[in-house]
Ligand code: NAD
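The chain below stands alone and is given as C-alpha cells, in the form predicted on its own.
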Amino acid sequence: MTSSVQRITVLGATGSIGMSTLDVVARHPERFEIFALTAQRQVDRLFEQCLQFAPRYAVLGEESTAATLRGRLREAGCRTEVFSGLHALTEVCVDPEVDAVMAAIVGAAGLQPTLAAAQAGKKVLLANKEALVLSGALFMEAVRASGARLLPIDSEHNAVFQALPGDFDRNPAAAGVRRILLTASGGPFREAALADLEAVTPEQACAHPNWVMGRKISVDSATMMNKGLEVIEAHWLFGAPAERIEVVVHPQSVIHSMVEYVDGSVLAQLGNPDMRTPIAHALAWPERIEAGVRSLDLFEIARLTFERPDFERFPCLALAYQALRSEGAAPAVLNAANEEAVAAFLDGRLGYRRIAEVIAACLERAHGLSVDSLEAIIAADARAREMAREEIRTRQ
C-alpha cells in the first residue's frame, strides 16, 4: 500500500454491497479512505455518498447524469471530480494511488474494470462473480501475473476462504481438501408446489427470506442460478473441479459454507446473514475489525437444517453445472442468457419458468464461441445476448 490508510475505489457504490462497504468504511476512518465511488445512474444516492466521504472522483454511466451530479456537487461545495463512461470507470481502478477495489457492479458490466484492477496488481475485493464466470482463466492468469490479491466477498466464497489454511494459494495440493460445500437458502420457493411456479411474479421472486439484495440477484437466488454462478466462481477461486463442489440447501443461512478435508474434518464459517461480515473480513485481511454485525445467538436459532437441492425445482442450478463441465464459452453464454432472461421476467415479458428454458436453448446453440481474450469474451457475451433475445421472443 502507498500509506497506512487504504485508499479504496468502490465500483457499484449505490447497490447493496456498495452501501454495506461504505458502512464498514465509515466505522474505521483511521484505516480506510474512499478514493472513488461509481454508479450507473443513481444520482441522488451517489450525491449523498460524495458529501459524506468526499472521494477524489465519482463516475457515472452516462454523461447526462454525470453532468447533473457535477452541478449539484459544485453547488454544495464538494470538490469531487465527476466523470462518465467505461474509460473513467477503469481509470479509477488502476490509478497508482488506489490500494483496493471493491468490485460490486452486478453482471457482465463489471468485467472490464474488475479485470483492469487485477491486471494492475490491486487488492481486488470480488463481489462481482460474473467476472470469473465470463473470464475465469483469463482473470486468474491476470491475478498471477500481476501479483494482485484476490479476496472473495460473496458470503459463500468468503466462508470457504476463511475455512481454508492460510497458505492454500501457495500450496493447494498439500491442503488435503476433499470437497467444497456451498450453502444456499433455497430462496422463496423452496417449498412451493411446482405447479405454482408457473404464476410467480417479480415481486414474489424478489422477496428473499433472509438477505436484502437487488432485484436481479434476488431472482437469481429464487432460481438458484446465483448458486450455479457461485459454483463456477468457486472452481476458479479454489481450483476445484465440478464434482468436488457441492451445493447444500440450508434455509437458516447461518452456515455460509464449509470445507471438507480428507481426514474427515469439516470446517464451517457461521454468522448472521449480513454482508458486512465478509466485507469487513476482506477489507482488513489478514486482520479482523468490527463490522456493526450483531453476535450470532445459537440459542435463538436453535436448529440448523440441510437438504439436497431439487434440480427439477431449480433447473438453472443444473444448467450451471452443465456449463462448468462444458468449459469454453459455455459459462459466458450461461451468464449472458440468464441476464437477458431475468431482465425480461422483471419487465413482465417472460414467465418465471421460461428463464431456464431460454438459458438451456442458448447453451445448445453456443458453438464455436471463443473466450481466449477480452475481445473474444465480449463478442461471445454479445452473441449470447442476441440468442437469448431471440429465444425470449419465441416464448412471449
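One-based numbering along the sequence shown. Just so it is clear, the structure is predicted and the values come from calculations on it, not from any experiment.
Below: the form predicted together with ligand NAD, not depicted.
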Requested in this report: Report the stretch among 349 to 357, 23 to 31, 36 to 44, 63 to 71 that approaches ligand NAD in the model of the complex to within 4.5 Å, counting heavy atoms only.
Outcome: 36 to 44
Requested in this report: Report yes if any heavy atom of Ile17 sits within 4.5 Å of a heavy atom of ligand NAD in the model of the complex; otherwise report no.
Outcome: yes
Query raised in the report: Taking 4.5 angstroms as the cut-off for heavy atoms, does Pro202 touch ligand NAD in the model of the complex?
Result: no
Query raised in the report: If you check in the model of the complex, is Gly214 within 4.5 Å of ligand NAD, heavy atoms only?
Result: yes
Query raised in the report: So in the model of the complex, does any heavy atom of Ala384 sit within 4.5 Å of ligand NAD?
Result: no
Query raised in the report: Which listed residue (Val160, Ala117, Ile105, Ala320) meets the criterion of a heavy atom within 4.5 Å of ligand NAD in the model of the complex?
Result: Ile105
Query raised in the report: Listed by sequence position, which residues of 98 to 134 have a non-hydrogen atom within 4.5 angstroms of ligand NAD in the model of the complex?
Result: Ala104, Ile105, Val106, Gly107, Ala109, Ala127, Asn128, Lys129, Glu130
